[in-house]
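Structure 1 and structure 2, given next as structure tokens, are two forms of the same protein chain, each shown alone.
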Structure 1
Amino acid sequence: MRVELLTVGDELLLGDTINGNAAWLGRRLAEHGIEVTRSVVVGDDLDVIVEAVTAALGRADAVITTGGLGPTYDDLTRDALAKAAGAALVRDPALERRLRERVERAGRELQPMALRMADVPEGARILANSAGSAPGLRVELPGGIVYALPGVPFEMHTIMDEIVLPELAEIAGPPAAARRTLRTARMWESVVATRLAEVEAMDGVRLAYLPDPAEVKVRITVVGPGAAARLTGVEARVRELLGDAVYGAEDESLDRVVHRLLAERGATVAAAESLTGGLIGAELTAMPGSSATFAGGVVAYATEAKHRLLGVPADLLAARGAVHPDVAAAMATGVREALDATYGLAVTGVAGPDPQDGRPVGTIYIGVAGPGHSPIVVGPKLPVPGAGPESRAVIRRMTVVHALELLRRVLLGLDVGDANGEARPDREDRG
């Protein structure tokens, strides 16, 4: 089963809106063993949409479109499908009635333009939208099937999961491939790929590397007879080759792993942040129920705040500046004591665009204070990806990942080497 994706909208084509629908659809289809062979973005142009749909069906068994099903005159997907099918657009009485009832329940006045959402290409099958107004459509064209879904993400997700995915899975039959995604932290993509060279050479095995700041996801695909059984052995070998860098699988994000490890130990963590400005706290509160293991945080951005709120010695700050391993250690100890947490996690550093206290951009120090040992500090030198606000954002994101990964390693008793797959001393020269 070969599927192509077609997302419609000027806002996507011109970069005003990130194309999250295509990413979500690609993941969901892959999970069901359905091969996505191409993803295309087109603007709100009737003839361009018709051409794109026709071309896609010349290559694939089915096309999934998102966007262009709303009430405005630039919503042209239904018109394009009618033109491609050589069919008229007809008003569906049941859809019109449903639209009128929804508007009436909301206490609004129905705009005549909204009734465009009740127009469907003659012969099309309506895909019920239980989450919104615009229905999806299933249209059979020469060469294959087109599933047209709304562009609003939660509406698209609903129709896809309730109707389209089960239908495609039935058409496709048992998957001929098995997939698994492993997540790693603090290891460069090139290092990951080098370590997995022998797996790359295995017959019927494909690896894809999906990098984010300070993280790399490795998607393992095994194809052919017995794919699911083979995947177990391949995954085990990948884990062996990557070692402690693998922190989770599939949707098991780093913050969830940290929360799980804390919960297993009946422990809590508090965060003291400087350059990240609350990003660690945001990460650690993203999961429902995180209050059981996250005690809270202190954003001590100014140097004086580090002294006043976290008890970092004033003479240390005066002598060493705010970006120093001893400051990270003191911040971790201070927030642990202030919020009565089992562990204190602290970050201080230089996100840019200018150096600070004689430290270059990309210098960070991360400290963890916990029971039974002195604070542990690492100081990975982060790469500077470029100049300007994008570089600053990447450094801050990498710092969050490095901090959570350090805490994970402390909780598991693993080596706390600084970065990039190389074990290093856990303390820098304090000069």
Structure 2
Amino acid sequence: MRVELLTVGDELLLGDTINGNAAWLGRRLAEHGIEVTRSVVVGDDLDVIVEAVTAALGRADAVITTGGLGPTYDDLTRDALAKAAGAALVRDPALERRLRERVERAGRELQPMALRMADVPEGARILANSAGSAPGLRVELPGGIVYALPGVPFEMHTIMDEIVLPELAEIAGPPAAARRTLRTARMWESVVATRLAEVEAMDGVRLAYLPDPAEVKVRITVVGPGAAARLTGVEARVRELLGDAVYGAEDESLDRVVHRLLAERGATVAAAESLTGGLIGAELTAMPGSSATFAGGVVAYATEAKHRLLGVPADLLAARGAVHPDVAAAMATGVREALDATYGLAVTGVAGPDPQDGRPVGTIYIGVAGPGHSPIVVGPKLPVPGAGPESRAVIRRMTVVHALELLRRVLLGLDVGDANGEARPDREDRG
């Protein structure tokens, strides 16, 4: 079963709107083992929509369109489907009645234009919209089936889940592919891929690498008979090859993992941030219930604040500068005490674009202070993605990931050395 998506609307081509509908549909269909083979966006142009629908049905069994079903004159999907089917647009009395009722209930006056939403290509099936005004349409064309859904996400989701998905799932039958996404931190994409070469070579197994700053998601796809059963073995092998770089699966983000590990231990963490300016605290408070594991934080952005709020020795700052492993250690200890937390997590470094205290952009030191051990510090060498604010943002994001990952490894008692064999702070560094 091959499905193509067609999203209609000038606002998408202009970039005013990001195509979240296509992403949602792709996820939903994949969950049911239905493959989206192409996704196309066209503007509000009758003939272009007709051509795009027809071309899509030349490749796929079904097309799902979103958008262009509203009341205004730039909503042309209805007209395009009628033209593609060589059918007339006829006003549906029941739909018209429903529209009038909805408007009256809202105490508004019906705009004549709104009645366009009651027009249906002859022979089309109406897909009831329990969440809004514009109904969906199901039209059979020579090449296959077209499901036309409104562009309003909530309405589209409703019609999809209530009507279209069950229908497609029945046609498609049991899924031919099984998928699993594993999440890794600190490991370069090329290192991950190299380690997985043998899995890459397995029959009926496809790997995709989804890189984020300092993270790589590995999506395993197993196709063919017994896919689901095979996936279990393949996933186990991937975990073996990647080792403890795998921190979670599917939607289990690093902050959730750290939150869970802390909660399991009845522990809390306090964050002392420099170059990240609060991003670590923001991450650790993103999910509900985070107050149970996040005690609070100090953003010691200015060097002096590191001394003032975290008790980092002034002479250390004077002698070594703010970007130094001993400063990271002192910040971690300081914030742990200041907030009476089980763990203190601290980062100091240079986000750029300019060097600081003689340290190049991308230099970072991360410290963890915890019960029963002296502070642990790592200084991964970050790849500098370039100059400018975006590069700065990426370095800050990489720092957050490295910090959360260090805390995870400390909580689990794992080796804190870097997965890519990067240098840790050496003796010289420590002065």
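Given the structure is predicted, the values throughout are model-derived calculations rather than measurements. Numbering for residues begins at 1 and runs along the sequence of structure 1. Rigid core here is just the name for the largest C-alpha set that superposes within 1.5 Å across the two forms.
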Structure, 1 versus 2, that is the form predicted in complex with another copy of the chain:
2
If one rigid piece of the chain rotates against another between structure 1 and structure 2, which among Pro174, Thr37, Glu189, Asp315 sits on the hinge?
Pro174
For the two-rigid-part motion between structure 1 and structure 2, write down the angle in ° by which the smaller part turns against the larger.
9
On a rigid core superposition, how far has the CA of Gly132 moved between structure 1 and structure 2, in Å, if you could check?
5.8
